[in-house]
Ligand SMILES: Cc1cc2nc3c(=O)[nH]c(=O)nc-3n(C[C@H](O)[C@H](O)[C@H](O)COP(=O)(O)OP(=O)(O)OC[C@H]3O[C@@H](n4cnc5c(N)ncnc54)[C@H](O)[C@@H]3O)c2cc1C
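Presented as structure tokens, the chain that follows is alone, the form predicted alone.
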């Protein structure tokens, strides 16, 4: 039975930003509701299997003991019903959650780009590979090729190696000179420099692009180009990722306009254009766990009225924003090689099986969607729409009123005056 509940501060997302926001807001004595769609707190970066331990464990335990905090795991925000109301859905049913202040800590998702063979079984994103391993999937003894661009490649390689896999190659698109500039500048952030040293692997190759994953029933190898030379490597898995994209669907449903791949626009106290809505973490721009944490603290303090304490955190925020700018400037994303590797039969929309050839004459996202059903599958354009925006500059797909699949029973129990058809949010 769908019911209504109220909280002073609603936080969407229990990654580093959400956990920090909840901890900071709870010190005010106001009621805090923390919601996350995973079964355990920590987000993607501190993901742990049920019953396991991670960096998030002591933080989540402390929040669970707080009389001011209520935590809902395995719960999704499926619909923005108004400026102070959302619909949440969990295994036990859905409910309308009202709030005074909202903190969006929705994180980011992988940027996946189509290339020949990317739909073969055994090909995943680099973050997807990490998630599979942390969820208990065994990769022991498997040969893995990791390709794409960004620091997540190295982190994924380390996770797989620690799980017993053999890393055949880490193929990084960026040039060696760019990577050198990025590494040299890390002296300003010693912990990041130390992390970079520990992640180094001798199978890492710069200026190396994935051209094709090969195989019949599953991936059996991968074709790479380094400079002017091509290589074919046998492998059991391929993990490919091209960076991260902020999750901004909730902000869009509230009427806010995100800054393309830069995320939700906020001021130096993490406040959006809607004064009762704050945002923190990767959804405001990619920058790592440290940036997410301090932004979460600021958002939690500001949303709970602790403005002076929030102001004192701005110097630390500026430090990690400088790190994010350094990485973006010196680790540039060039996807021209990936676009050139696509063939006419390369699937762009995996949900609806739409190949590149069917999109060749389309001039934008809406035309592609109308003519081919591209983006109308279960992911609702989160994968193919983002890929099209990256490769061809098409405007990302608009957010629908229902942001995630929701059970009919939950929707049926919503009072008619609150129903999706009567709301203009997200339209």
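Positions refer to the first chain, counted from 1. Worth saying up front: this structure is predicted, and the values here are computed from it rather than measured.
What comes next is about the form predicted together with the ligand, which does not appear here.
S.K.: Flag residue 317 as yes or no: does it have a non-hydrogen atom within 4.5 angstroms of any non-hydrogen atom of the ligand in the predicted complex?
M.R.: No, residue 317 stays farther than 4.5 Å from the ligand in the predicted complex.
S.K.: Wondering, does residue 42 line up within 4.5 Å of the ligand in the predicted complex on heavy atoms?
M.R.: Looking in the predicted complex, residue contacts with the ligand include residue 42, since a heavy atom lies within 4.5 Å.
S.K.: Considering only heavy atoms, tell me if residue 122 and the ligand come within 4.5 Å of each other in the predicted complex.
M.R.: The answer is no: residue 122 has no heavy atom within 4.5 Å of the ligand.
S.K.: Taking the ligand as it sits in the predicted complex, is residue 358 in contact with it (heavy atom to heavy atom, 4.5 Å or less)?
M.R.: Taking the distances in the predicted complex, the answer for residue 358 is no, it never comes within 4.5 Å of the ligand.
S.K.: Looking at 109, 321, 204, 225 here, can you tell me which has any non-hydrogen atom within 4.5 angstroms of the ligand in the predicted complex?
M.R.: Among 109, 321, 204, 225, a heavy atom within 4.5 Å of the ligand in the predicted complex occurs only for 109.
S.K.: Sort through 388, 60, 35, 374 and report the residue having a heavy atom within 4.5 Å of the ligand in the predicted complex.
M.R.: After the contact test, the surviving option is 35.
S.K.: Among the candidate stretches 151-159, 308-316, 137-145, 113-121, which one is within 4.5 Å of the ligand in the predicted complex when only heavy atoms are counted?
M.R.: Selected stretch: 151-159.
S.K.: What residues of 7-42, in sequence order, lie within 4.5 Å of the ligand in the predicted complex by heavy atom?
M.R.: Sequence-ordered list: 13, 14, 15, 16, 17, 18, 35, 36, 37, 38, 42.
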